[in-house]
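In structure tokens, the next block holds one chain alone, the form predicted alone.
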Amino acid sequence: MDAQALQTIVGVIDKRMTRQVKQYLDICARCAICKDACHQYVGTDDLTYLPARRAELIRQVYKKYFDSAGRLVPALYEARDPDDALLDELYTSCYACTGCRRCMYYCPFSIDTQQIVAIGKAMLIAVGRGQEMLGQLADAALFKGENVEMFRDVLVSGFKDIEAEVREITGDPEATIPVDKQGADILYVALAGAHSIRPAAVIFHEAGVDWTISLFEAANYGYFFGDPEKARLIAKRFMDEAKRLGVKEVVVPECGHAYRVAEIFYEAWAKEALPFKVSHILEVVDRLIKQGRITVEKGRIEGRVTYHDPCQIARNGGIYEQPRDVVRALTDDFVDLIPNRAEQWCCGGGGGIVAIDELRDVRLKSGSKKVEQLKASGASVLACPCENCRLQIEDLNEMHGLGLQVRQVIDLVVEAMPLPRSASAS
């Protein structure tokens, strides 16, 4: 490694090594309790994916350049230069990590591996070794934000096509998907594709919600890539749109990381308090059902239904009960996965790993605990409110012959509504 790259990496560690992260590195007892909590280690039996090993890679470089004993006697104090071998392992371990933080939940010292992984990604990005696909997707989102007028006509045309489907489903020829509606109560920030727009539009229409749709998508590959500034700018596109339109609430779709970025991280990144509420779509749907603004009927969903807690919504976002209340309103045949809520096993598909072809093998192996849970539930329908989780579990479903229907929760809600023609987003 040349001197400039080495200086860059050392500079990143110096800048990002907060007191809290230093404490994490100091107090880790290497007890390996995290090995039994990590879906990747359990699924692969590979030390590369052990949470404590991820921390050790950062610790070794930190000791070499910021610890006097490590500088003087590196071999004795396990200090190490960030050579190519270390960076290669760091790349694999950091970009494979789904950020589920289950290891933190079980760690006796509550060591947050995600904060340590963030430093690893920052080191890799600084020397041009960040994950290429995630970086390209982040840059594409930024380009769209800077040139939204170039895409407006295509987007609005797509909304009109979906609007026609909403009219057919609801039986109302006046049903609309509003765009740029000033003063609406809700700005709905969907994912790319009709599947996250159509059922939400049906629900909003039937509930009489005053809403408008964002010209931007909720997915944030800057967050997956590991660049907080790019992540902030990607989220800023619809945050600024919400301010311009004067809405009361920004609602994100069934996407785990989109909720966490918008609700938990954005204000800290932007150093400002938002003038509106940020909600997950299922918080809103739960509210609408309980207020009697939409009608759902039990018996329309066939088979036993179970529910998967996406890590970013549940363990990292605190949304446990509202989705379950929604699902229970749709069926009397509901069973929870064991364990669940904060102890839920990660499916293995988060953190952007579903977009990284080279990590496909570890991704599928790391889903072994989720497969066990799904088999034990005896369910035939899985309500799964996260895009990346659904992509991963659909792969596991096919690979292991589970015979599950993997469904968006809002699709199930529309199916349970007494409408002229219920339809899913398939």
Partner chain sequence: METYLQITSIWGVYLTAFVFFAGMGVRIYQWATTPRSPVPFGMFPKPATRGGRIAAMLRDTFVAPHSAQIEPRMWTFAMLFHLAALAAFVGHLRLVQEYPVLPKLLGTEGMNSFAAWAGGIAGTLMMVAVLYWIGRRTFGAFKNLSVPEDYLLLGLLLGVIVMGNHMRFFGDVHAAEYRAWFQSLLLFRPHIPEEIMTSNVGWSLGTHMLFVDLFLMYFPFSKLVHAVGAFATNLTRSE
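Just so it is clear, the model here is predicted, and its values are computed rather than measured. Positions refer to the first chain, counted from 1.
The next section is about a form of this same protein that is not shown, the form predicted in complex with its partner chain.
Exactly one listed residue, out of Tyr91, Phe276, Phe334, Phe109, brings a non-hydrogen atom to within 4.5 Å of its partner chain in the predicted complex: Phe109. The contact residue chosen from Leu86, Ala342, Leu245, Ile125 relative to its partner chain in the predicted complex is Ala342, the criterion being a non-hydrogen atom within 4.5 angstroms. Listed stretches are 181 to 189, 68 to 76, 322 to 330, 277 to 285; the contact stretch with its partner chain in the predicted complex is 68 to 76, by a heavy atom cutoff of 4.5 Å. In the predicted complex, its partner chain sits within 4.5 Å of a heavy atom of Ile264.
Under a 4.5 angstroms non-hydrogen atom cutoff, its partner chain in the predicted complex lacks Thr212 among its neighbouring residues. A residue is said to contact a partner when one of its heavy atoms sits within 4.5 Å of a partner heavy atom; Leu47 meets this definition for its partner chain in the predicted complex. By the criterion of a heavy atom within 4.5 Å, Met17 is counted among the residues contacting its partner chain in the predicted complex. Scanning 17 to 53 for heavy atoms within 4.5 Å of its partner chain in the predicted complex gives Met17, Thr18, Arg19, Gln20, Val21, Lys22, Gln23, Tyr24, Asp26, Ile27, Cys28, Ala29, Arg30, Cys31, Ala32, Ile33, Lys35, Asp36, Ala37, Tyr41, Leu47, Leu50, Ala52, Arg53 in sequence order.
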